[in-house]
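Read the single chain below, which is given as structure tokens and is the form predicted alone.
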């Protein structure tokens, strides 16, 4: 009988060239585990909730690290640590929304080793799923959280389709607000996908949280110059200041036309299976000033269309308050 005090047996690969990693990802496909910082990985493996045949460690691939200029903005390697993002002068000057979001992830120790790619592609945090129960997301035929007695305080109020788990990534909301582009590579070549389309809900794919297919690796994220130096607001509400995932968060990017709001992106985390863009709020905010009166008017519609579960109705006023605070900032 296998001991649960040690890691399960598997092959470990530590390539130093991206082509080698892509070939390994292609060889093992769904049976391979792509390793970034490892903060989400080891719990899955120690609990025997996932059973990969091979682990492909990306940390030795220099091409996947670093923050560099691109043709239209900046490009961040997927293996760049959250600490590097928080400390980068260009990001703090032009895209502070991302560094603010990264600074709320877990704890300083985790941010030191946790990577941008790992934070973006981490799996759902629902405790029923993490315990290894045969729920919809695990390939079963029920959702234990979406029941009259289900423990669903942290689950979604938008976009449920069988599964009600929320997106756990703090940086994902900032990427959607900044209209980032995800660079995905495989042995077949490179493809790009918008951040908004990169994250998928259970109505699209019940066992995945991103559009990554077996054999593909997220290699970089590109942020366009469109939002460089604009007005940003990020806030995350959690039970504790460190480690906890968002109950509700908001990432906002706004371009100002004089004293009024022009284009804007309002994106909430912790309320849906994917980063939840508030298009109706964006439309209502256009032409408004950053004032208490405007904030109250726009915030009142923030939670329109929500369908709370039995234990998470509190997320509705929380969303409204976050929109209000962003409009007053």
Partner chain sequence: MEIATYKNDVWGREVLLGVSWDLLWLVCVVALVIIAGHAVYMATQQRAERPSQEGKHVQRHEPIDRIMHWVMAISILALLFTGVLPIIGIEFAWLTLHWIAGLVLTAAVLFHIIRSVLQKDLMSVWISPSDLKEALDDSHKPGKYSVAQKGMHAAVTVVTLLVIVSGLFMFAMIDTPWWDRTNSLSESTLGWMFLIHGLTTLALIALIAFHLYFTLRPEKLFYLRSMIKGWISEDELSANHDPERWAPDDSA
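Residue numbers count along the first chain shown, from 1. Quick caveat: nothing in here was measured; it's all calculated off a predicted structure.
Although it is not shown, the form predicted together with its partner chain is what the next lines describe.
Contact with its partner chain in the model of the complex, judged as any non-hydrogen atom within 4.5 angstroms, is confined among 168-176, 80-88, 203-211, 188-196 to 203-211. Annotated contacts: 136, 142 and 162 all touch its partner chain in the model of the complex [non-hydrogen atom within 4.5 angstroms]. Residue-level contacts in the model of the complex: of 146, 75, 100, 216, one residue has a heavy atom within 4.5 Å of its partner chain, and it is 146.
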